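First, one chain by itself in structure tokens, the form predicted alone.
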């Protein structure tokens, strides 16, 4: 593996998945609080009320990162913790928490990367229409300004949104995620307002933080056709338009993909498609969250006339996601050739497996080690092909609340005993530590 001397290694988390303290110190309810407390939405009835209790344990968690020598940490800010109603008066206790968190990171010589939105919309805003309401763009801009002004003297790396595709479509089309709607037209409204919010927030962050480095994080899978048939090739192209290009094209080209606009027809009624040009605001980088490949065949049923195909082998994670590291190289090259980004980060990559119990202070998660090694190699191969890949954040720093899967899926490189909150590094944490040492 070959990485540039200034390549940045890090790890990542999200607020609702780790913080706990769900309604403590003035934090408002978020859509995941409401969703997870609604029976049937989350496996085993799990919630993020306590999660990893990071709100109270952040000092020891950062100390553990420092012991590993982690140079950078990507975290997200809980909007309802800092503005409980989503708009209006901020919550000083919530702002103070992120002050302490950032100060502790800097003291440990860890570079903070702040994500403004990782899915925990204030429930008070959802009650006003949430991301379907055009007013949400200004609500988000005001929130972004508050955080930029509060933390911008210390935080220089900012991400507006995490995985807007998931927010729009898993939250509002399939209903697997909060707020649990199943309405395709609503999902496209949500996607549109997310893109507008990104475009409007970037200059506001720059105004509050003149030396800011700002980007957006998209979840992108490599998309393959199940066969060489024209029908399957077109099915794959449609899925790529739905999952990848619907966000890539606006962010880099200022318009939605024309083939998908034609395909969707009146599903997009009520959306000012021209307005999305604001999403093409210049940014310093783009974050890519990569986990797997998607393979599709044509199928006349369903909104997109596609059917997911699972290749017949045993290389799958606990999430039933195919292990396909070469897809990361292909995707990075594809994005670079098509969109010419200034800089790319892998902002999430990792895997859930059935880990063995800790023995003698370590978890031997050999499956995850193999997964990460293969994907590190894929990133290195992409750099060799001219991809401007500048850093790699392993997901996740520790086991946590895995959304609709509750606590049944572990992505962490640090094991968490949820009963005692004890942390035990896994072999994968030692692998990351070794990569960091080689970089020094």
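Positions refer to the first chain, counted from 1. Predicted model, so just to flag it, every value in this text is computed and none were measured.
Just so you know, the form predicted together with a small molecule exists too; it's not on screen, but the next bit is about it.
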{"property": "Residue contact check: residue 348 to the small molecule in the predicted bound form, 4.5 Å heavy atom", "result": "yes"}
{"property": "Partner proximity in the predicted bound form: residue 163 to the small molecule, non-hydrogen atom cutoff 4.5 Å", "result": "yes"}
{"property": "Contact test in the predicted bound form: residue 330 vs the small molecule, heavy atoms, 4.5 Å", "result": "no"}
{"property": "Non-hydrogen atom contact residue 402 with the small molecule in the predicted bound form at 4.5 angstroms", "result": "yes"}
{"property": "Per-stretch contact check against the small molecule in the predicted bound form, the hit in 402-410, 386-394, 59-67, 33-41 (non-hydrogen atom, 4.5 angstroms)", "result": "402-410"}
{"property": "Contact residue in the predicted bound form, chosen from 298, 118, 293, 238 - any heavy atom within 4.5 Å of the small molecule", "result": "118"}
